[in-house]
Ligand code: SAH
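Given as structure tokens, the chain that follows is alone and in the form predicted on its own.
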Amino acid sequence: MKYLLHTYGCQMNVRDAEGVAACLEAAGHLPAVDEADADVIVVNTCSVRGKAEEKALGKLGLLCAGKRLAPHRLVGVMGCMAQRRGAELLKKIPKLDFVAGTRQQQSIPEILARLVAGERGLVRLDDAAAVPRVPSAHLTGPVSAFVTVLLGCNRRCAYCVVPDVRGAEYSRPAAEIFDEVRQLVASGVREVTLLGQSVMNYGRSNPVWEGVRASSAGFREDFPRLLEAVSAMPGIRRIRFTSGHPSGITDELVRAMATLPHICPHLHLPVQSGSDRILGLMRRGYTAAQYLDAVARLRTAIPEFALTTDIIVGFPTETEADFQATRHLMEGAAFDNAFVFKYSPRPGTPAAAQCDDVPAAEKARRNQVLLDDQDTRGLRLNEACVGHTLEVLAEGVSLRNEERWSGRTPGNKIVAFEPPPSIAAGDLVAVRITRAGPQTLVGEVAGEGCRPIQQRL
């Protein structure tokens, strides 16, 4: 059978989709060119915002309606919305064939086999008491890869359904992670991103170090120890991790990021709001001052440190003063990039019990103001890179211009450049920056080595 995956949502969903694809190919299935070529189509869903669920439901409705022209085709749904809504989706979407929860990736080949044998309407949700199985298989070819190290979340932010749909935190054994990274490096991967909903909590939920030696650098905390061990693996060139939480910016983590080889000087650290009142209602567990203190400690230790974030506008009772506090924090933190979202209530969360009292038009206005602010800020920071030569991990042909290639700096900035004739994906190239935009840089391959500068790159 030929399969096609449609994925919505975060990096964790992207990694889940890759795991499913690898499992399907190991079972003998092949990737389809497009929907018309596919025998099975799986929609990998997100529940973090209402719009993400609406998009997935719309896509599933269209796919199932299209089975009139392709009655043999199987259509399934996996991921967070599948876990949250379960069998209800079979009733809501006629002709939907199966529903698979967030930790059921490895079950999908078996589900397909049972469907081919004549079963219909299969539902496979997660067993909260079971130890999670994490597929370590990857597709071959990419120069960068995601590696899941922490599943689930224990934080219980007031607006978030992740603990309900992805379960309690579970840290993968360190030896299992190391084996996966070694296999990736052997296949040509140069950069890995360690994934967890609150990745710095790695090791706090269950023992992880059986059969693994102690830290040679004296790290006592589990996550810095993990970074040290992965950084020491032969062949690895870059290591990233996401997503962070300000409480995880300990002195040991700062030391690890500043001193270990191959750890990129970049962190995605969601702040969500600059108002202490709103942060309290969100149950984020820090104040604006504590967030900025964490950022300052990172930048003191790592002058070239780059910072990106998530922001929610229009949380219940958010006033203009709360919104202006967010604008003030964003400027003070000097974010290199920010992802801004309009609040939408998620069923079953504490925030959903509050009145969603910020009008939609006002949410849209605040959203646009922050995006405009970030464009101005991003352009200012990126223009500081013009004239300097940066190390870029070449990823391949640019999506926007087939005559250029693109890649990323250690600080996760996207750089477009004209490729030399001998370039290959995975090469580390020195690119002299000639032009800057709010979110991207443009440059030319330089003959000299990279010259670091005291800016967030």
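Heads up: residue numbers just count along the shown sequence, starting at 1. Given the structure is predicted, the values throughout are model-derived calculations rather than measurements.
This next part talks about the form predicted in complex with S-adenosyl-L-homocysteine (SAH), which is not shown.
Every member of the trio Arg49, Tyr159 and Pro270 reaches S-adenosyl-L-homocysteine (SAH) in the predicted bound form with some non-hydrogen atom inside 4.5 Å. Stretch 236 to 244 is the answer when you ask which of 236 to 244, 299 to 307, 254 to 262, 368 to 376 has residues with heavy atoms within 4.5 Å of S-adenosyl-L-homocysteine (SAH) in the predicted bound form. Exactly one listed residue, out of Gln354, Ser344, Ser144, Gln290, brings a non-hydrogen atom to within 4.5 Å of S-adenosyl-L-homocysteine (SAH) in the predicted bound form: Ser344. A heavy atom within 4.5 Å of S-adenosyl-L-homocysteine (SAH) in the predicted bound form is found for one listed residue only; from Arg73, Arg103, Arg172, Arg284, this is Arg284. Residue contact with S-adenosyl-L-homocysteine (SAH) in the predicted bound form: Thr148 places no heavy atom within 4.5 Å of it.
Interface residue remark: Gln197 is counted as part of the site for S-adenosyl-L-homocysteine (SAH) in the predicted bound form, having a heavy atom within 4.5 Å.
Contact annotation for Ile312: at least one heavy atom lies within 4.5 Å of S-adenosyl-L-homocysteine (SAH) in the predicted bound form.
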